[in-house]
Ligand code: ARG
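Just one chain is shown here, as structure tokens, and it is the form predicted on its own.
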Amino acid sequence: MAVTARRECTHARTYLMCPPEYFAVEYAINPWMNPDQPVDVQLALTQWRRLGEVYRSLGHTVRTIAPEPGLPDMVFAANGATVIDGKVLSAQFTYPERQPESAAYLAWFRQQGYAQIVESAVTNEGEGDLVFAGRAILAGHGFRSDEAVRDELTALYGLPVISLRLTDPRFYHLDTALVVLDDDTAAYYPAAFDDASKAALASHFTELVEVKDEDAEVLGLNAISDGHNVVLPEQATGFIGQLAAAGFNPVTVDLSELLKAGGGPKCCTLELR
């Protein structure tokens, strides 16, 4: 198969990250979490710092939010909000253990001078389920976010919203089962979606890369693309090959310690558009 030519990303991205200084697995709110499994906080910090270094090496800007004691999952910045065109929609977390994170992220955006901030009245877990796809917003629901968030998204951003139902509890957030590679291309794990959602994705994207079980099961799709470079877990070896064959540049990282809480590169990264 001929490799499709891809353009380089046209602009640098800005990412918000939160150091895992208080990272722990103290409860189980997804199938990946096991409080009986030891966590190495120093290793988590080392892996997290490496992710930031990779972003900077690709020409992107990394900003940080200070972690707060008692919020071990605050490292997963993608869940903190949704930011498009400088407009912020707050998160409203499903589980009580994570609900205080919403206020922490809101305070950061206010301190940074963001002028248009909407506090969501609907349960949604930020960019974990709400994925900007250029011409539309993909909105995952079924486990953590309410389908009704589409009305808030439409009102704030003025973009079409494509609702996608997740059906496999292992892939409880949209960003564990799908990554937008560029405006026309996405990669996804078909078994994580119902039939209507698969049809909606096929209608929206010109090209869909179907990821195999073994790569989805190491959260290979919890990746970040700038339109050319795709930062993803090094364990997703098959997906790495698929990306290269499709003309993208796979850039691998090891976040195996953060995977103990169900996290990967995208979970640790909130794009400030």
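Predicted model only: the values in this text are computed from it and were never measured. Just count from 1 along the sequence shown to find any residue number.
FYI, the form predicted in complex with arginine isn't displayed, but the following is about it.
When arginine is considered in the predicted complex, residue 172 lines it closely, a heavy atom lying within 4.5 Å. When contacts are judged by a 4.5 Å heavy atom cut-off, residue 30 counts as touching arginine in the predicted complex.
Looking at residue 124, you'd find every heavy atom of it more than 4.5 angstroms from arginine in the predicted complex. When contacts are judged by a 4.5 Å heavy atom cut-off, residue 91 does not count as touching arginine in the predicted complex. The stretch in contact with arginine in the predicted complex, judged by heavy atoms within 4.5 Å, is 76 to 84, chosen from 155 to 163, 179 to 187, 76 to 84, 112 to 120. Checking 98, 150, 198, 141 against arginine in the predicted complex, a heavy atom within 4.5 Å turns up for just one residue: 98.
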